[in-house]
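What follows is a pair of forms of the same protein chain, given separately as structure tokens and numbered structure 1 and structure 2.
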Structure 1
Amino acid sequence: MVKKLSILNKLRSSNLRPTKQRVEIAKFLFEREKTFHFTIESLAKSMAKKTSKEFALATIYNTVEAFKKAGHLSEVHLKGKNNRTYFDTNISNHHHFYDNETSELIDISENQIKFEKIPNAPNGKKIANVEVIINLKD
């Protein structure tokens, strides 16, 4: 009951009408202990399993985009071999392990990586943020 409420608040406070679809997706994505990585395709499959009537793919796209805009999700700027866009429920500044074999992402919290040396931004630019991807192999 508490969780359900916080989902509704999360949606409402972001000016997103808590429709059946958004609530279902939000519950699936945000009612978790750990951070969660997914693609549109994997999310669509998960929602199809969870509910009898499956959601339109466009709704998955719309909802994820809306959640991203609202700051509840972040997009991972990684081009894996499967060419799918990854999303992450972890919206804090952080890094990733990436396993190209399994296409799996694992979070690395910001404080697990420290730089001894890093270059300055070129000419008139500033550093917006630093993303580290540690590619894994067997």
Structure 2
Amino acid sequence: MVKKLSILNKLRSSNLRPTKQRVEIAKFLFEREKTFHFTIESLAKSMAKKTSKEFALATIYNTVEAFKKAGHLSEVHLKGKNNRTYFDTNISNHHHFYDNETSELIDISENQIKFEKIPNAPNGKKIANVEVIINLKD
């Protein structure tokens, strides 16, 4: 009952009505032991495989965007030849490895990277977060 309440609270705090599909998406994202990294497309494929149901990409996209805006997901932009956007269920400050061969994003704890010097933010601005993405290859 506690997990179900938590899922409903996440939906409501994201200004989403708890429809069957949104509840299934929320459960798929948040009822897991480990951090989950995904793109909208990979989430759609994974959910279709697990539930044997098709979810409209628009429904998935809108639900994920609402969760992101409410602070339940973080967004990771990868630049380069792949130019992908991943979403992450781990919303704490942390860093990532990105495996170019498998397209996998792997968490690195914030305390595993030490910064010697960070430039000052431009006048009138504050640094909100520093994120390191280390690209891997075979």
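This structure is a prediction, so every number in the text was calculated from the model and none was measured. By convention here, residues take numbers in order along the sequence of structure 1, the first being 1. Between two forms, the rigid core is the largest collection of C-alphas that superpose within 1.5 Å.
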Exercise for the section: Decide which single structure shows the form predicted together with the DNA, answering 1 or 2. Expected result: 1
Handout entry: Exceeds or equals 2 Å, Cα of K50 between structures 1 and 2, core fit
Key = yes
Exercise for the section: Verify the C-alpha shift of V23 between structures 1 and 2: is it 2 Å or more after superposing the core? Expected result: no
Exercise for the section: Give me the C-alpha shift of P122 between structures 1 and 2, core superposed, in Å. Expected result: 4.4
Exercise for the section: For S13, give the CA shift between structures 1 and 2 in Å, the superposition being done on the rigid core. Expected result: 3.6
